[in-house]
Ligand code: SAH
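Next up: a single chain in structure tokens, the form predicted alone.
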């Protein structure tokens, strides 16, 4: 392709002294970085492809724009001779797939993880021959036909589900919907993770149905749970708890506020040929009641939803994390193990460590940090985009004395 093809893309010009972060590898252009005098945002439609240029007019990258979003543009590629098209999507998805096929022996993983795979606004999870796809930006929504064609060509799925019901879409001015994109989408699929098997709800499940991102942390617990009594809080369909049983835990109790989730816990336990106990209720209240009853566990797993969805939520989120960590620590036997997780990108790892230490002090315990974990490698981190490293986990030994 020639320069003239790329030049057909309308320019989006940045202000003076802007663009350094984009040139360094970041993929987001914020609305206050754009020279709206020379390239007024009102002239663009959400999802329009653009040529992002510096104040001097020099080419920086190609991307797509959304004049109604704080993140006004996202980079798709940096080759002036190659504008974004289906061929680029194909190459990017093929590259992402090659990594996952190297990582995992079976087709159960996140195929595409947005910005980290240089496909901002696109998430694809694979359940053998069924795909669940999220389009979280106006730009990727405009490319949905190309996305579907590429996935069909590379993966030949029997069914594809659009799971476009995230809060991010509202910020992009998009409507939410969940509907089949291809084939007959089953209500429930099986996930195979190591020796464990799980039935997972798709259209009616959380996020894309299963939390592949916690796979490495579930494996991290293996040496610590043999013969243990385990409490899995915010269990969803039992990913942590059932893997702990597979790792040799003597007994597992799963806590969740959703009865439907706990029904899946019980059926998944049966599927793996053992039993688990389930408790339905608000996590804080359940932990409080267990503490009053003097119930104790050898291992406590805390995997709450994101308490800090925006930077302005940090103070409230810090309080929520502090409370749940302290409550979990109170239920540990002497020399027990605590896994504390945060899926909030705005929650710093150092702050989470500080909250563990504070909880230890408040409960008269001594915490030892054994391992720091994160998202599984099918959720890679883009080094220039801190926001792609969202999941943190702290595995601690908690003794009886300070």
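Residue numbers count along the first chain shown, from 1. None of the values given here were measured: they were computed from a predicted structure.
Omitted here: the form predicted in complex with ligand SAH. The next part is about that form.
Contact annotation for residue 80: none of its heavy atoms lies within 4.5 Å of ligand SAH in the predicted bound form. Although the partner is absent from this view, residue 223 stays clear of ligand SAH in the predicted bound form, with no non-hydrogen atom inside 4.5 angstroms.
Taking the partner from the other structure, ligand SAH in the predicted bound form has no heavy atom within 4.5 Å of any heavy atom of residue 72. None of the heavy atoms of residue 308 is located within 4.5 Å of ligand SAH in the predicted bound form. Residues of just one listed stretch (170-178, 96-104, 151-159, 282-290) have heavy atoms within 4.5 Å of ligand SAH in the predicted bound form: 282-290. Contact annotation: of the candidates 298, 141, 303, 117, the single residue with a non-hydrogen atom within 4.5 angstroms of ligand SAH in the predicted bound form is 303.
Checking 258, 267, 128, 330 against ligand SAH in the predicted bound form, a heavy atom within 4.5 Å turns up for just one residue: 258. In the predicted bound form, ligand SAH lies within 4.5 angstroms of at least one heavy atom of each of the following residues of 216-238: 218, 234, 235, 236, in sequence order.
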